[in-house]
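Starting off, we have a lone chain in the form predicted alone, written out as structure tokens.
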Amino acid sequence: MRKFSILFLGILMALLTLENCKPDVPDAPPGKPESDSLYIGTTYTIAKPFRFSNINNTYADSLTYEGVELGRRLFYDKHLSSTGQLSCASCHKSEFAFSDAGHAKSTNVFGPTKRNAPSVQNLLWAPKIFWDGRSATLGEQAKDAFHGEQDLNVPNAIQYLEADSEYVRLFKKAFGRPGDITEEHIYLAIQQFGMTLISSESHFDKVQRGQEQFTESEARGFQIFLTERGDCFHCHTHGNDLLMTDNIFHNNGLDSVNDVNDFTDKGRGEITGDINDYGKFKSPSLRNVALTAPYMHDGRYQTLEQVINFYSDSIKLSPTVDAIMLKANHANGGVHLTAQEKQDLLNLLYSMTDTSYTNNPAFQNPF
């Protein structure tokens, strides 16, 4: 009896060992249903950073690790462009906070575009995306970019993805039964990856959390930023929201025109059709701004020093110029900062660089 018990116990332990060592369930043979485990991803939860707005995005609760990884692969995959030479990452480079640093105007498969590719970060909190706000979600942004910049051929793209076993696995995990690779799922996967691109670990953030301290110059720059002396805080919000942008569209006094139809780029007005929106563009976040030159929607300024000089001394008037700019136009074009004030403000902006974001392995090229 004792020998039988020992034998039974040994068999049971062997079965348990085999159960724990089972490999991932393979695709089922033809004619047999696939295991449900092939269609269940692992939930990915986003933690709200310190003094960021609450996450109210309806898609935020549907993220999975597999969906995020799928989106990352699609973000870096050049095969999805008509030329096989351009991916999302071609114009949104991780080392430059996912901007097209160094290029005043980005180039797509058709040639040069008319605007500078903005940085991609913290867009989970953005109600409108692109300089002109033409997309309301990251999925819409992905669709716009795939067709407008990469000239996506949907049937060819799906055929390519279906031939890759890893893509097939990830689409199943990300979207469940039937796990089809569809055009819509491509955009939603990019959206999942884009939602995880969160920057909140700069020296500036750590000062706000009480973990580090500003230098004397940075502290002076922060006071300039927070007051009408610099008048930065109106468009690059601070306080209960550390996104460092109001996500609103402004004419910040870049160009002097007498008639709104004379704007070279109508900006938000192209989308709304409202002449009062002509010449207005979305306020970019100041996070990682030291990495994202050149600046403004058309990349006209190569350095942050030039940007500060513009707001200090070179604001121009036009019919739709923002009231904030008129207020800042204290006398002949700006707030007229001293050389020391400009340097202090510059040092503050450099404090917003988040190297843990630009170097995060989860955001890098998987290929």
Partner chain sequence: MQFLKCTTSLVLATLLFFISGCKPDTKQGNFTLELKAKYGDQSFSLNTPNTDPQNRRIKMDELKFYLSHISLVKADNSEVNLSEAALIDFSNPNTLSISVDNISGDFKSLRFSTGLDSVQNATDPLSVPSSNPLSNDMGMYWPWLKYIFYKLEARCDTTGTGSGSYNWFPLYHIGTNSMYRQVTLDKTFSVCCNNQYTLTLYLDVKKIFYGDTQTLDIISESSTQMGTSDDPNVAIKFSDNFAQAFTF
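Residue numbers count along the first chain shown, from 1. Here the structure is a predicted model, which means the values were calculated and not measured.
Unshown form predicted in complex with its partner chain; subsequent notes refer to it.
**Study point:** Heavy atom within 4.5 Å of its partner chain in the model of the complex - the one residue of 63, 315, 337, 321 that qualifies
**Key:** The residue in contact is 321.
Check your understanding: Which one of 240, 156, 261, 256 is close to its partner chain in the model of the complex, taking close to mean a heavy atom within 4.5 Å?
Key -> The residue from 240, 156, 261, 256 that makes the contact is 240.
Exercise for review: Spell it out for me: taking its partner chain in the model of the complex, does every residue among 78, 166 and 173 have a heavy atom no farther than 4.5 Å from it?
Suggested key: No, the candidate spot makes no contact with its partner chain.
Check your understanding: Can any non-hydrogen atom of residue 214 be found within 4.5 angstroms of its partner chain in the model of the complex?
Key -> Residue 214: no, not in contact with its partner chain in the model of the complex.
Point to revise | Contact test in the model of the complex: residue 47 vs its partner chain, heavy atoms, 4.5 Å | key: Judged by the heavy-atom cut-off of 4.5 Å, residue 47 is well away from its partner chain in the model of the complex.
Review point. Is residue 42 a contact residue for its partner chain in the model of the complex, using a 4.5 Å heavy atom cut-off?
Key: Output for residue 42 is no: heavy atoms all beyond 4.5 Å of its partner chain.
Check your understanding: Does its partner chain get within 4.5 angstroms of any non-hydrogen atom of residue 56 in the model of the complex?
Key -> Because a heavy atom of residue 56 falls inside 4.5 Å of its partner chain in the model of the complex, the answer is yes.
Practice item. Quick one: find which of 185 to 193, 92 to 100, 230 to 238, 290 to 298 has residues within 4.5 Å of its partner chain in the model of the complex by heavy atom distance. Key: It is 230 to 238 that comes within 4.5 Å of the partner.
Exercise for review: Quick one: name the residues from 246 to 283 with any non-hydrogen atom within 4.5 angstroms of its partner chain in the model of the complex.
Suggested key: Counting only heavy atoms within 4.5 Å of its partner chain in the model of the complex, the single contacting residue of 246 to 283 is 276.
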